[in-house]
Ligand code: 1GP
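First, one chain by itself: the form predicted alone, in structure tokens.
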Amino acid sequence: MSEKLKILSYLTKKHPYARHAILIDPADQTPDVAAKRCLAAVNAGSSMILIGGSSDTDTNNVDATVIAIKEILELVSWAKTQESMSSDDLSIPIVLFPQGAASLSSSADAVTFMMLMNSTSSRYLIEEQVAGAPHIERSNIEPLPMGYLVCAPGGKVGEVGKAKLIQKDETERIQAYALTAEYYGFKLLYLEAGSGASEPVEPELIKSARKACELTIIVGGGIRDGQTAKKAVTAGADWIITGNLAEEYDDSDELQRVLTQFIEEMNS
């Protein structure tokens, strides 16, 4: 396998169950707090860490957060390998989920190289990608080709990204977008309701996208409990992302307990 495709292969590998990822916004927490939350999530069963998501992120706070998370995970990984456990089972990828080219970090393992497909602005369709591509090449971090769709209610990402939101009943429209993503050669399709959204992506939209394409489907926004996540998984989601949920807990042990239960319910 090419090293350039290592993380992509990990994300797109077929599993008998859906996987969970925690989304960390560096603008909302210190690197130390972010690292402790990520450790709790990994111990609970999370399979990926996403970094980004806010218009207030920049290279400095993203890089500091990535480094802090890597350090704590590597420390725990080393300790566990001393107990004769396989380090392969402990390698959780740290993936950038940038709002633009100004919030990249060469310390991460990979970056979601995405097109906000239903944006009405060329900035989010192609311009930020062109600005960021040279940095990604120099950093040698793995780009993950992804179509990104903002569904109602959309939240701030829909507003900032100038997205023409996909409404709850627009199943044919999301099918067309899913096909387009596949034809473009994307490998991932992210359906986003918006950070802290009042409600998640409509399950019928997920189901329609699933029927239309063979892409790995990631769903995030407005998912606060395992039962809501289960509905998305039943509809066809391969990955479930939660962000705001982790920020509600300052106690790492409590966060680990909540996420453990979340992941169990998600796949029950």
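So that there is no doubt, residue numbering starts at 1 and follows the sequence shown. Note that the structure is predicted; figures quoted are calculated from it, not measured.
Beyond the structure shown, there is the form predicted together with the named molecule, which is absent from this document and is the topic of what follows.
Is residue 196 one of the residues lying within 4.5 Å of the named molecule in the predicted complex, judged by heavy atom distances? Residue 196 belongs to the contact set for the named molecule.
I'd like to know if residue 241 sits close to the named molecule in the predicted complex, meaning any non-hydrogen atom pair within 4.5 angstroms. Residue 241: yes, in contact with the named molecule in the predicted complex.
Using a 4.5 Å heavy atom cut-off, state whether residue 222 contacts the named molecule in the predicted complex. Taking the distances in the predicted complex, the answer for residue 222 is yes, it comes within 4.5 Å of the named molecule.
Is residue 177 close to the named molecule in the predicted complex, meaning a heavy atom pair under 4.5 Å apart or at it? Contact with the named molecule, no.
Please determine, with the chain shown alone, which of 65 to 73, 30 to 38, 196 to 204, 228 to 236 has non-hydrogen atoms within 4.5 Å of the named molecule in the predicted complex. In short, 196 to 204.
Name the residue from 186, 148, 113, 124 that puts a heavy atom within 4.5 Å of the named molecule in the predicted complex. Selected residue: 148.
Identify, from the list 258, 18, 23, 11, the residue with a heavy atom within 4.5 Å of the named molecule in the predicted complex. Selected option: 23.
Residues in 174 to 190 close to the named molecule in the predicted complex, defined by a heavy atom within 4.5 Å, in order: Only a single residue, 190, comes within 4.5 Å of the partner.
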